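The data below hold one chain only, encoded as structure tokens and taken in the form predicted on its own.
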Amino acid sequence: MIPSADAAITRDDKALILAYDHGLEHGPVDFEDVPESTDPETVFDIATHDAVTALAVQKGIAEGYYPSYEDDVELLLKLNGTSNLWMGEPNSAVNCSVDYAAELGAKAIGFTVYGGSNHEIEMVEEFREAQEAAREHDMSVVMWSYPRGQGLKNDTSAGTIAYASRLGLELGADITKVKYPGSAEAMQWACESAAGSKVVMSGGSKTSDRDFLSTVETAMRAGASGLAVGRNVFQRENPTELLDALEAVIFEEKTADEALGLMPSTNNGRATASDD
């Protein structure tokens, strides 16, 4: 990592990355609850919210839609990714070069590394090439650090997530995205293990407003620098309300309960925990 190399995609040293690489990684099933989210323009519109510090998409989405939003959205180009149709040992195809990401106007690159996979060595070597090329373009580097593979029994244990965050530091990421390890203590260890580099929590599957905001609050108080979230935003009928609440928790250090007060639809009973 290089101090301040992430400045283009952070605000006050914190990040709220809106991830929209799900169409490749998971398939159209992730858009079924809110069909409008199938259209990338819908999510680009969401990403213009002041809380969003960057939007992470794959090459084809960036080519087709980013030119209309370049003044309002910071682009984080996800360089690798593999469909959910793939059934082998965890691996991720490199789908875009750093040079082309720069041509498209990206301020940062994203790269998945599956530590523990039988393909870890080749993925780390691919990350090395991307990371060094990104430095030549003054682009931020974000690692999706997801330990996974046939030899790994628990991919969200405290020790595994701490190792995941350390991989980001050791390999040169400015920001490392990890799964939530289940407790404040485990999240604190993961953040401390990353030393001076930033750790952001993965948003994961959609949960209730209260549960999600409470987890984000816990992660932030444990030392996280923010969030990289997709489904918990774009699968909601009113994503702007949730982004208002996330802005309060991440950038203003509000509690989850205080942030919930900024969500009228939750407070008037139209979007309770059971509805989510």
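Every value quoted in this text rests on a predicted model; they were computed, and no experiment measured them. When you see a residue number, it is the position in the sequence shown, counting from 1.
Not pictured, yet referred to below: the form predicted together with a further copy of the same chain.
This chain is drawn without a further copy of the same chain; in the predicted complex, the residue among Asp138, Asp72, Glu125, Glu185 with a heavy atom within 4.5 Å of it is Glu125.
Proximity of Ala102 to a further copy of the same chain in the predicted complex falls outside the 4.5 Å heavy atom cutoff. Although the partner is absent here, Thr112 is not a contact residue: none of its heavy atoms lies within 4.5 angstroms of a further copy of the same chain in the predicted complex. In the predicted complex, none of the heavy atoms of Leu243 sits within 4.5 Å of a heavy atom of a further copy of the same chain.
The closest non-hydrogen atom of Glu63 lies within 4.5 Å of a further copy of the same chain in the predicted complex. Taken together, the three residues Trp144, Ala224 and Ser265 lack any non-hydrogen atom within 4.5 angstroms of a further copy of the same chain in the predicted complex. Just one listed stretch, out of 47-55, 208-216, 235-243, 64-72, contacts a further copy of the same chain in the predicted complex at the 4.5 Å heavy atom level, and that stretch is 64-72.
Taking a 4.5 Å heavy atom cutoff to a further copy of the same chain in the predicted complex, the contacting residues in 72-98 are Thr82, Ser83, Asn84, Leu85, Trp86, Met87, Gly88, Asn91, Ser92, Ala93, Val94, Asn95, Cys96, Ser97.
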